[in-house]
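Encoded as C-alpha cells, the following chain is the form predicted alone, with no partner shown.
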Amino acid sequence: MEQASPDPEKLLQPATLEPLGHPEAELESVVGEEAEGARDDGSGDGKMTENNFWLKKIEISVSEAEKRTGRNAMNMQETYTAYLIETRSVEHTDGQSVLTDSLWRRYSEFELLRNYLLVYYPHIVVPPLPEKRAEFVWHKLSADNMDPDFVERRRIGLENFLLRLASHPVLCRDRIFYLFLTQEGNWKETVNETGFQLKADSRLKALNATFRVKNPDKRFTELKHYSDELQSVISHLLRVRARVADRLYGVYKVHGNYGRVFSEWSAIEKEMGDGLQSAGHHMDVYASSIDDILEDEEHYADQLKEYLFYAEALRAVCRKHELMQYDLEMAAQDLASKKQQCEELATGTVRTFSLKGMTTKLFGQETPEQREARIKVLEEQINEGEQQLKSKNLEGREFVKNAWADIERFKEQKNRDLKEALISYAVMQISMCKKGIQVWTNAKECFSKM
C-alpha cells in the first residue's frame, strides 16, 4: 500500500532557523502573535491583551520587609518575612495623581509565580529569584535568612525580579503576573486553578529524554554546556571573592591595633603625643570602615549570583527542547512501526521477528475479513500518527524560533549587566585602595609634625 505521507526520518531532524536578525525585532513579532492568541477565558491562566497591557505605565517596587509569625500548612507556628509590593501609575488623570496600590507577599508566593511562568512559557529564560538562604558569604557575614542585612538584600533581589518580568516583552502581559501585583486575597487559589502543576514535566521524564534522544539540536547542546560552564565560573568567582573579603576584613581590623598602640603610646609622650594620637585616630577610622565597604560589596556579589541562577533557567529551556525532540522521535518511531505492520498485512510477509508473527504461525492465518479490518484500523492510526507527527514537528520549530529569539535577548542583557557590575566592582576596589593610601598619607603627615 502506498502512503502519501512525509518521511518520518526527515521530520526527526532538528528544526532549522532562518537568520533571526535583531533579537528585539524578532521578539516584537513573537509578542504580537502571543497577544493575538491570548487565553483570557476568566479561568485565571492566560496573557494580558493589548488593551489591558499597562505594565509599561506603572512603577513597581518592593519597599519594605516585615518579620511575621503565623501558622503553616501543618498548623505549626512559623516565623517568616513578608514583603510590601507597591505599584504606582506614572500617568496622571486630569492633573490628579493616582493613588499607590500595595499588598504583602511571602517569598513562597514569588516562588509560586515563577513556577507557573516556567510551565506556561517553557521557551523563555525566566528570570531567577534571589537566594532563599545566603550562599558564598564571607565568614563574618551572617548566613541567617532572618538576618536584617540579608533580608534587605533579598528585598532588593525580589524587586529586581519583578522589574525583570515587567520589562520582558512576553512575561509582562501575563494575567497571573498582573493579579500577583493587584490581587491580595485568593491569588494562590487563582494560580492553582490554572492546573499548571499537571502540565509540569517530571524530572524523571526529562532525564530519560536527555539520555535517549537520538537527534539533539547542537545549538541547545552547546547552550547547555555553556550554562554549566557559566555556573562553574561564577561559583568559583564568588568563592574567591569571599576569601578575599575575609583577608581584607582581617587587614582592616588589624589597623585597629595600630590605632590602639598609637593612642597608648601618645599617653607617655609629651612632644610626640599629639601626632601619635592623630595617627591613631586615622587608623581607627580606617579599621571601622571595612564593615560598610563589605556590605556594599555584597550588592555586587548579588548581581553575580543572579546570573549564577540564570544558568539553571537556560538549562530549563534546553531540557524542554530535549523533551519535545524525544516526543517527536517516539511519535515517528511509532508511525514507522504501524506502517510496517500495515505493509506486512497487505503483502502477507513478515520481515522481522514479532509476537504477532509467532502467534500467526502457532494458531494459523487470519481470515481475509479479519486482515482487512486490521488494515483499516492501522490506516486510520497511520493517518492520525502522521497528523500528530506533523503537529509536533511544527510545534518544535516554533519552540526553537521563539526560544532562540529570547536567548539572544538574554545574551544582550547578560553582557550589559555583567559588564556594568564588574566595572562597578573594579571602581569600588580602586576607591577603597585610594582611601587606604589617603589614611597612610595622613598618618605620614602626623608623624612628620612630631
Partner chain sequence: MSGRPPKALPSTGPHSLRDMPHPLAGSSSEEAVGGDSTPSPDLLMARSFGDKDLILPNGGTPAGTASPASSSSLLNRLQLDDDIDGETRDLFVTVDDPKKHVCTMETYVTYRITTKSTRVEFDLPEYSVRRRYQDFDWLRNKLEESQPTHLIPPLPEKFVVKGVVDRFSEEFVETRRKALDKFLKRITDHPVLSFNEHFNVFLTAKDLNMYKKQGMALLTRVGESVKHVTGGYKLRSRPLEFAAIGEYLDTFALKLGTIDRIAQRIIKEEIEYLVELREYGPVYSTWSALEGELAEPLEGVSACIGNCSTALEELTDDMTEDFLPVLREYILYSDSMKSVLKKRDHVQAEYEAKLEAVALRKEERPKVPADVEKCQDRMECFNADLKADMERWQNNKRQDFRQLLMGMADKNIQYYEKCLMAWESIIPLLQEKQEAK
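All figures in this text were calculated on a predicted structure; none of them were measured in a lab. Residue numbers count along the first chain shown, from 1.
The same protein also exists as the form predicted together with its partner chain; that form is not shown, yet it is the one meant from here on.
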| remark: Partner-free chain; cross-checking its partner chain in the predicted bound form, the single residue of Tyr300, Tyr107, Phe196, Phe150 with a heavy atom within 4.5 Å is Tyr300
| Quick one: of Leu163, Val240, Ala346, Leu179, which gets a non-hydrogen atom within 4.5 angstroms of its partner chain in the predicted bound form? | Val240
| message | Within 4.5 angstroms, counting heavy atoms, which one of the listed stretches 213 to 221, 119 to 127, 271 to 279, 182 to 190 is next to its partner chain in the predicted bound form? | response | 271 to 279
| field | Contact test in the predicted bound form: Tyr80 vs its partner chain, heavy atoms, 4.5 Å | value | no
| If you check in the predicted bound form, is Leu394 within 4.5 Å of its partner chain, heavy atoms only? | no
| message | Residue-level contact is defined here as any heavy atom of the residue lying within 4.5 Å of its partner chain in the predicted bound form; does Ile234 satisfy this criterion? | response | yes
| Any of the heavy atoms of His255 lying within 4.5 Å of its partner chain in the predicted bound form? | yes
| query | With the partner left out here, if you bring back its partner chain in the predicted bound form, are Ile156, Val170 and Glu312 all within 4.5 Å of it by some heavy atom? | reply | no
| Stretch 406 to 437: residues contacting its partner chain in the predicted bound form, 4.5 Å heavy atom cut-off | Lys414, Asn415, Leu418, Lys419, Leu422, Ile423, Tyr425, Ala426, Val427, Gln429, Ile430, Met432, Cys433, Lys434, Gly436, Ile437
